[in-house]
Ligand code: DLZ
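Next up is one chain by itself, shown in structure tokens, the form predicted alone.
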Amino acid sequence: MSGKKKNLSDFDQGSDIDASDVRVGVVVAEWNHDITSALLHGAVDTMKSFGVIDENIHVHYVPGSFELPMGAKLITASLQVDVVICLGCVIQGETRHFEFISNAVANGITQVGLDTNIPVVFGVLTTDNYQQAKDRAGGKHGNKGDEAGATAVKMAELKRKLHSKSK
């Protein structure tokens, strides 16, 4: 959704969407908590701007980004949700660990959505350094959490529209 120099918080609000009954599971990595909590704040605020109510937002935490796919799968199996958002932050270190974690998280999140037929939103920052993460979690590049919240609402709406047409 975002271009190289685009602010992550700039997106079409979709003013025709009434998300007051959308149920959202949010799984948040505790690792890099200052970043992931900013992502969560952005996602929740954006979903509320679409009309999602507090009672329909179910936030759960996992230790790190690697655990996000399993957290998403547990949410889809345990809660009646229309969509799941995964929020995390993986920052490049001196080893290849970053590559393995980033790939596993992206592939795992994708697989949960495909396996469950519930949209699972990738709200995970994969940055070269801490400053880049801060810039994308409410800093000069906006907030990836805003984008994740908008994506969740729009994917829930798409699923709802397509499901109602199939009846």
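Just so it is clear, the model here is predicted, and its values are computed rather than measured. Sequential numbering from 1, following the sequence displayed.
There is also a form predicted together with the ligand; it is not shown, and the following applies to it.
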query: Contact segment among 108-116, 132-140, 56-64, 38-46, judged by heavy atoms lying within 4.5 Å of the ligand in the predicted complex; finding: 56-64
query: Heavy atom of Cys89 within 4.5 Å of the ligand in the predicted complex; finding: yes
query: Close approach of Ala104 to the ligand in the predicted complex, 4.5 Å, heavy atom; finding: no
query: 4.5 angstroms heavy atom contact with the ligand in the predicted complex for Phe122; finding: no
query: Residues within 4.5 Å of the ligand in the predicted complex, restricted to 27-45 and counted by heavy atom; finding: Ala29, Trp31, Asn32
